[in-house]
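A single chain comes next, written as structure tokens; it is the form predicted on its own.
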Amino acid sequence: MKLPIRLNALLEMIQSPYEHIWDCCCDHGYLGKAILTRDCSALVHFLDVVGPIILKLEQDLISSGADASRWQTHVADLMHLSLPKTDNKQLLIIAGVGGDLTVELVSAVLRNNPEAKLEFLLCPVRQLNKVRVEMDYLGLGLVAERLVKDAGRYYELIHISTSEPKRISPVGEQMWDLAEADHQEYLLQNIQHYQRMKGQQSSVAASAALAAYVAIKQ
């Protein structure tokens, strides 16, 4: 199956070797299935809190002939997940959920697994500025980031790590290419959004975000 642009971009960002890769809130498991087709040694975990989703996914994996030694399925809440004990890196992919929930999930994973070597690949659907600010506050560092447009909608893909020293910009840094019309359009959307927010309420956070986005344009 051909992946949507957003999921394919996430797949391309998975470069480092990992012992475990977690496709969290996996739904149909398209991204995890694509990872299984690659030549990598990682154990791929499909995790969702909804039992029927995981049951259907497990049946699909079995019927497709996917190597059973390379994947596991879990009906579990990421908020309470205890990760395998290992000295090697683990990658958790959290995509397609809102910004507030993304922050809650990452915070919970860090809290419940304080000694783990973790990386997160995030693709929130809202509140990108808030997610970035909170990830920086949690002490995570930037590995890479991309901006993609898929079916008329913009997505920020943010790869972060517990061991990376590079600070996470609240408005993105590496992802911008203002020679691209799509990037100019997305930047303008953000500037207009925070102009409206600043006009509707006196918010230090909105003012700071607006100033940061305007600075990119300049």
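Model, not experiment: these values are computed from the prediction. In case it trips you up, residue 1 is the first one in the sequence shown, and so on.
The form predicted together with a small molecule is left out here; the points below concern that form.
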Site test, L7, V49 and V97 vs the small molecule in the predicted complex, non-hydrogen atom cutoff 4.5 Å: yes
Region of this chain that lies against the small molecule in the predicted complex, out of 62-70, 41-49, 183-191, 156-164 [heavy atom, 4.5 Å]: 41-49
Would you classify D27 as touching the small molecule in the predicted complex, given a 4.5 Å non-hydrogen atom cut-off? yes
Within a 4.5 Å heavy atom cut-off, is A76 in contact with the small molecule in the predicted complex? yes
Distance check, I53 to the small molecule in the predicted complex, heavy atom within 4.5 Å: yes
Can you work out whether L101 and the small molecule are in contact in the predicted complex, taking contact to mean some heavy atom pair no more than 4.5 Å apart? yes
Which pick from A144, L105, V148, V133 sits with a heavy atom within 4.5 Å of the small molecule in the predicted complex? L105
